[in-house]
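Shown next as structure tokens: one chain only, the form predicted on its own.
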Amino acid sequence: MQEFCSLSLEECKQWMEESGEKPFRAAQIFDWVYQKGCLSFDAMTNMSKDLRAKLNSSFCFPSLKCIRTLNSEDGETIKFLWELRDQKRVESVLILSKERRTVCVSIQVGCPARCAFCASGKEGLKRNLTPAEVVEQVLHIDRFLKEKGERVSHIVFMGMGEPMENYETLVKAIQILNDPSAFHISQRRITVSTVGVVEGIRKLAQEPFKVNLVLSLHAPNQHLRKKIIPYARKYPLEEILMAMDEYAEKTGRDITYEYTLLSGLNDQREHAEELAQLLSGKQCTVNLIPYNPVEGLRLHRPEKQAIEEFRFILEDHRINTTWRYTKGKDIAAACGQLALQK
């Protein structure tokens, strides 16, 4: 059975015509789902009983079930645990920051990258998510926010999984999230993070939309990067940076490089100097992320002074930096902490 939230508006119109229904009904159903947050075809009162029966027999909707929510102590982060139709589970996170309402979505069950500091890839990749399973993470959280008179404003593909290894789902989900008849979230408010899948970066640069792109860098050279990100063995750092430069030139979007600081591993003065040289002259920002503890990993967060010294060296070389304020660490919802749930 097809999943409804994997459909674009045009695909829904096509289904209507093939089912002997008026195409304008598609826009009405999209309004029920994405504007009103309706999760039942039977509740769509301006549809005929016959059409509702056709929808129920043709589509699976919804595809996700919320198993649990966890709220951080500061009230600024909420983690959602979803059960999929095959009983596998994924997590996503709602981050509340001033007027922003950002959803960090997952795109795979598990992750193939197996980054040294990240919980998501500890058990490897289980399977890709469908477009509906990605879109519904946003849909359910948007419904949650609507009860408070709010809406989702930003999307980051930074949850479980490597987006470029589920490329078709990524593109379809972005199209639905951006569609005025669905969520109408601006391309400038959608961010995709990758460990550096070169062919995926180059394909994304050719798409008609221009979303923000983030590279999980985490090391200033290929040798150290392979230790932190085993997936890096597939792609030389020089080739990845060339692809990122091409993306920036093609789309006009500035690039962000994420750098998780791991005490004694990649946070020394020489690492900062090498990173500054690597990114010299690039129109980019380095987002410094102090390591967030993951159970079973023998890694440590640097002291505040070490982080400040690392940042000072980069800025002294005129590299723009941000220092990500950790949110949701107390509920294992911070960067690198999302994991498969038993």
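What you see is a predicted model, and the numbers here were worked out from it, not measured in a lab. In this text, residue numbers run from 1 along the sequence as written.
Form predicted in complex with a small molecule: not shown, discussed below.
Trainee: Picking from 167-175, 141-149, 257-265, 122-130, which part of the chain touches the small molecule in the model of the complex when contact means heavy atoms within 4.5 Å?
Mentor: Selected stretch: 257-265.
Trainee: Please tell me whether any heavy atom belonging to Ser193 falls inside 4.5 Å of a heavy atom of the small molecule, as the geometry stands in the model of the complex.
Mentor: Looking in the model of the complex, residue contacts with the small molecule include Ser193, since a heavy atom lies within 4.5 Å.
Trainee: Please run the contact check for His218 against the small molecule in the model of the complex: heavy atoms, 4.5 angstroms, yes or no?
Mentor: Because a heavy atom of His218 falls inside 4.5 Å of the small molecule in the model of the complex, the answer is yes.
Trainee: Does Trp82 make contact with the small molecule in the model of the complex, using a 4.5 Å heavy atom cut-off?
Mentor: Output for Trp82 is no: heavy atoms all beyond 4.5 Å of the small molecule.
Trainee: Considering only heavy atoms, tell me if Ile289 and the small molecule come within 4.5 Å of each other in the model of the complex.
Mentor: Taking the distances in the model of the complex, the answer for Ile289 is yes, it comes within 4.5 Å of the small molecule.
Trainee: Name the single residue among Leu70, Val294, Leu314, Ile307 that comes within 4.5 Å of the small molecule in the model of the complex, judging by heavy atoms.
Mentor: Selected option: Val294.
Trainee: In the model of the complex, which of the listed residues (Ile240, Cys118, Leu94, Leu213) lies with a heavy atom within 4.5 Å of the small molecule?
Mentor: Looking at Ile240, Cys118, Leu94, Leu213 one by one, just Cys118 meets the 4.5 Å heavy-atom criterion.
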